[in-house]
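Okay, here we've got a single chain as structure tokens, the form predicted on its own, with questions on binding and movement later.
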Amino acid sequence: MTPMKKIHSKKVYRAAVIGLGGMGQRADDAYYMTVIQPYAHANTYVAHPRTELVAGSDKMPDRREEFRKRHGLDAVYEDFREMLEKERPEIVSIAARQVDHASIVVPVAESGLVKAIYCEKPMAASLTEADAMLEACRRHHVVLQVNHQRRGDSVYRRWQKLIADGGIGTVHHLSMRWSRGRFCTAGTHYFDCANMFAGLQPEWAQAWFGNPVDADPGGLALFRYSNGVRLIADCTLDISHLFEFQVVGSKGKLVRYNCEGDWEWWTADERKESQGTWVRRQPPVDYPVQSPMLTMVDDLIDAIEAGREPPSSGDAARKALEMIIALHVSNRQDGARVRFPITDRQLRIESY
């Protein structure tokens, strides 16, 4: 993708990346059938018209050298604290491992040097860590955004408008399926996506794990929201297709499939002789399409300048993490119904 031309009529923010592995700088090298690039944090800051990539940090020397060669920057550090002091970035992406997020986010926020943090998902390994991240950012007036990219996805944003305009009536039911298990690594994306359309956090959850001894198991999960919306999530290991998502309402449904490359809009057939059948409608095409990462940086800058939370906020990400932890609690109790909020805030769920 050709980088977008810098626009100098508006403030351009200095950006840096901590964690120079996959999502930090290498993700655009991988083959993802339906991903719109840029996809890695570093490349996104290079491409976005209102950010300038100024520095990177990683403990591994080979990654630091790779960053130098990729971006022609000598401002590469082993210690992220030294990077903050010397380079003074205003936006910092944290693309380190999940288990390291809290130990990096908190001191970055407490440094008093940054305006916003763009953290990778899953947000943290425990609710205690997530609480500490949110508290540090609030105390030091730092915007916290978590990389749940479906919040920046062009199709899902159009779905939100279509639903608001009555395109499928009142939302009643959500269902999702995905392969390879991983309620945490993948589920954090998908549960946050479900919350976009349910509008709330669930009242209760139940779960059964098909591969409970795995580091990040999958299985079958059921959630009920206080407004009556139901969510069924199935990521048992025998599912062979990639992510599929349905939002079902009183007058229609929306379906996303083929690794989210295709989508359909169905509504009830209003002819008397139809007897409750559905018809497929022509999906709207009146929306812009760009990399969700670029849209997420748009949201982050808007949050900085308008003094508000971005759509993919730290609060929203903590809700997704709490859903994952609820499933682990339920499975340990032989599928018992678990109510929110979760009281065991120190329970650790570590993903790949």
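The model shown is predicted, which means the values in this text are computed figures rather than measured ones. Residue numbers here begin at 1 and follow the sequence given.
As for the form predicted together with a small molecule, it is not shown, yet the points below apply to it.
Between the options P122, P89, G218, P202, the residue in contact with the small molecule in the model of the complex by a heavy atom within 4.5 angstroms is P122. Though the small molecule is absent from this view, in the model of the complex it lies within 4.5 Å of a heavy atom of just one residue from W159, Y190, F80, F223, which is F80. Although the partner is absent here, A233 sits far enough away that none of its heavy atoms falls within 4.5 Å of the small molecule in the model of the complex. Among residues of the shown chain, M133 is not one whose heavy atoms approach the small molecule to within 4.5 Å in the model of the complex. Looking at D100, you'd find a heavy atom of it within 4.5 angstroms of the small molecule in the model of the complex. Remark: L144 does not count among the residues lining the small molecule in the model of the complex, judged by a heavy atom distance of 4.5 Å or less. Look at 284 to 292, 53 to 61, 300 to 308, 323 to 331: in the model of the complex, residues with non-hydrogen atoms within 4.5 angstroms of the small molecule sit in 53 to 61.
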